[in-house]
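Only one chain is included here, represented as structure tokens and corresponding to the form predicted on its own.
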């Protein structure tokens, strides 16, 4: 079964066709800049462009950076606030004339890592943390997803944690890997104390360079901490998995 998986982020939108159940990405993914402002109409237009690029006509799954409840957007911190209350699934279906399923973006990445990646054999409590424009989270208990956790918005130093420990925060502040890793370590300790997981999987584009920062960032964390195996493509594969269920 071929599904188009799309990962919507605050900075970029990327997607590729995925073969299921193998999880194989069938073409080099396309990366488009997230429109600014990232309104429903502008994001839908970018998704249409992606569908046209791949000449795709089957079911589509999308990961969205916010809380999703039955296709309706409840939060959109890194996109336009005009998303709140909108039914993303209906908007995308209407705009593309294709079958669409929308899931929280970190939940999508977590599904992919639990099925094909670093969490494949773990049946305890697993937390997936994605470090990108913001911080996303996904929690699994016995392999079952607890949807819409938003641990990127935990309070850290009196602020939203993602403003201090996200990959974007490192870039904006021009922090060295060493300096940034100390903030990520503080964040991982916070997550570890709150949830007491067996495994923490850290994903996002920075997971491709985990050797530069993760050993320092995971120091003293009781849970086992590992980088995502699917790296920045986990969101695409997980979105396709959601598309398969919905489509």
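Because the structure is a prediction, the values reported are computed rather than measured. Residue numbers count along the first chain shown, from 1.
The following text describes the form predicted in complex with a small molecule, which does not appear among the structures shown.
Only one of 87-95, 170-178, 120-128, 103-111 places residue heavy atoms within 4.5 angstroms of the small molecule in the predicted bound form, namely 103-111. Using a 4.5 angstroms heavy atom cutoff to the small molecule in the predicted bound form, all of 67, 78 and 162 count as contacting. Contact annotation: residue 153 falls within 4.5 Å of the small molecule in the predicted bound form, judged by heavy atom distances.
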